[in-house]
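The form predicted on its own is given below as one chain in structure tokens.
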């Protein structure tokens, strides 16, 4: 079967990619909002600072004999739309110790034909060529992606609970009550978009402090990386809101929320964290309540907030439950060694 390498996807290819995501969503992701065309374009064209992406697709029908060939023997021109797509995210420089991240989607009507395995083998070659030793994939629990990954050398390493807060269910005055009960010796600040210069270094230190010590090297935050991350969000047309708790000049805790362009009333929770030395003071709850109050003032059209929590993060799960978030879905993160993945020659 033909595989297309999409180094610089065209509008038509983005449209076909979105068609695959929409078809898979309709079959496998009940209860979760469908991706918008703008979100698909941002997925394919945007990249966080310090990351690279490789994209592949399998045409739904064989191309004309006149189609040209791309380097590596891949077909260069698709005809008849895409049957399946694959995205490989490569954080850091080639050879970085961090794993790659892979996402493979196959239209329901084209499954069980070896297409997913073929795309996995192509992505694995790209992974190994980049000097990576491992890869992770996040999929929805209970979907065909689970047995697919488990049959190709992947093992589940954690579960992630998708939660949603419907703002109409929040008792009147609840956010204000929680904000008023904030800890002594701290103050709240907030900003939209890129972090102000006076808080950039402190926010970077807070993001570094929240990182899991087991994470791979190269994840240190600095002021420039914090700014670049916010600029990526802005380039997508989305709005980033941040509320932080300060003790003197130190960012003790913070929460970030993004209102996507064309979000149809739903915002996405990004990072929320409290530095270890400031925990136990309900700062996480405080900054999230302040965010809810600000959102009601600034973006009254937002009716829901979605967030993801690692299944063993009991503290943040409790904070979200107290605010009224309810579990809507569960996803699973799988990991595999690059050496265990199928090869193109097999």
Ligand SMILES: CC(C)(COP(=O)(O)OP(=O)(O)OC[C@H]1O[C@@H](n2cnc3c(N)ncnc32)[C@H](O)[C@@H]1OP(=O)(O)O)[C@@H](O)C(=O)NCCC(=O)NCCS
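Residue numbers count along the first chain shown, from 1. Since we're looking at a predicted model, the values are computed, not measured.
The next section is about a form of this same protein that is not shown, the form predicted in complex with this ligand.
Exactly one listed residue, out of 144, 99, 182, 153, brings a non-hydrogen atom to within 4.5 Å of this ligand in the predicted complex: 144. The single contact residue among 195, 123, 206, 137, judged by any heavy atom lying within 4.5 Å of this ligand in the predicted complex, is 137. With this ligand omitted here, the record of contacts in the predicted complex names 108-116 of 221-229, 174-182, 108-116, 264-272, defined by a heavy atom within 4.5 Å. When contacts are judged by a 4.5 Å heavy atom cut-off, residue 130 does not count as touching this ligand in the predicted complex. Although the partner is absent from this view, residue 103 contacts this ligand in the predicted complex, with a non-hydrogen atom inside 4.5 angstroms.
Mapping the unseen interface onto this chain, residue 241 falls outside it, with no heavy atom inside 4.5 Å of this ligand in the predicted complex. When contacts are judged by a 4.5 Å heavy atom cut-off, residue 24 counts as touching this ligand in the predicted complex. Scanning 187-202 for heavy atoms within 4.5 Å of this ligand in the predicted complex gives no residues at all.
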